[in-house]
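One chain comes next, on its own, written as structure tokens: the form predicted alone.
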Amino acid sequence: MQTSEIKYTVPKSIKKDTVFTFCPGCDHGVALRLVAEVLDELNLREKSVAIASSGCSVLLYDFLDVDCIESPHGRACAVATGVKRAHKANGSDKFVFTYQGDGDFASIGLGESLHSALRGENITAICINNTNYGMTGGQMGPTSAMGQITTTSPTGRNKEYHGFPIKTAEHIALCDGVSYSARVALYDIKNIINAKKTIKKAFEYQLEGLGFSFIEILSSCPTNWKLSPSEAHKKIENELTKTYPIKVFKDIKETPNV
């Protein structure tokens, strides 16, 4: 009896023989794999420019085999805007996307992120939301959930002292210049498949010139959460999705008047 054999293949947009530099169980590796697969499927590798800034997301250029720029902390959307506009003015339009952490996109870079969305810049922003500053020791970030214990909120985040976390995908969806805003997760196969489809749609909207597209990805941080990788995924599924529901918040093709 013949049996089919599934072979793992490395996307062309992934650098070969790269050592995994993220913490064990971190979902950055999965997220970057999905981005690479979509770049390959849309034949974007040779025309893409990826922008990352400070934080774990900056390791993107160790893995993606595309042109990459490291921006100052929080300024990825501003740099992406400059790259996109400059190339378009010279008649060599590029596919431009950012790959950022939640602290980078929604805290120090919130002004740049929000106004890029309001202007309807034809770029795509990907924000990895792991609810803390992962690279610098696990401090409370703009998306840390209520009650979450971090190195700078040892008794848990509370509304009286810290205020509420920002729900990035919902806020970005309110901007008139946005064509697509969605939140996805990576805690199981079903959600990973959905995440890839969502990233692909956001990339396609940029290719169609529809304006700013945004993907927020709920990602685990086992090291700073002090959980095993499987426990961290359960935390996302059972706890974080209550604060951050998996949903498409804006799709200009489906709800053009929103």
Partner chain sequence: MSEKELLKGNIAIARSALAAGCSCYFGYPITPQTEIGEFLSYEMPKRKLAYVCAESEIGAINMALGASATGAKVMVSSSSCAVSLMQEALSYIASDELPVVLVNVMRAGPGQGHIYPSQGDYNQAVIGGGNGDYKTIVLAPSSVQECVDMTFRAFYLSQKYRNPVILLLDGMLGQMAEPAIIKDNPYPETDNSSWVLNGANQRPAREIRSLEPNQNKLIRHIYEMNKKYKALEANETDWEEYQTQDADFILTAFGTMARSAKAVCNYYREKGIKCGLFRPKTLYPFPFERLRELTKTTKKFIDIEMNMGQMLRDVRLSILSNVQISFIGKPVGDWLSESEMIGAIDNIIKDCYANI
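Positions refer to the first chain, counted from 1. Owing to the predicted nature of the structure, the values given are computational and were not obtained by experimental measurement.
The discussion below concerns the form predicted together with its partner chain, not included here.
- Proximity of K200 to its partner chain in the predicted bound form falls outside the 4.5 Å heavy atom cutoff.
- Its partner chain is not shown here, and in the predicted bound form it never comes within 4.5 Å of any heavy atom of G177.
- Within 4.5 Å of any heavy atom of its partner chain in the predicted bound form lies no heavy atom of M146.
- Heavy atoms of V79 reach within 4.5 Å of its partner chain in the predicted bound form, making it an interface residue.
- By the 4.5 Å heavy atom rule, the three marked residues Y161, L227 and K235 all fail to count as contacting its partner chain in the predicted bound form.
- Remark: of stretches 168-176, 136-144, 115-123, 151-159, the one touching its partner chain in the predicted bound form is 115-123 (heavy atom within 4.5 Å).
- Using a 4.5 Å cut-off on any heavy atom, the residues of 75-94 that reach its partner chain in the predicted bound form are, in sequence order, R75, A78, V79, T81, G82, V83, R85, A86, H87, A89, K94.
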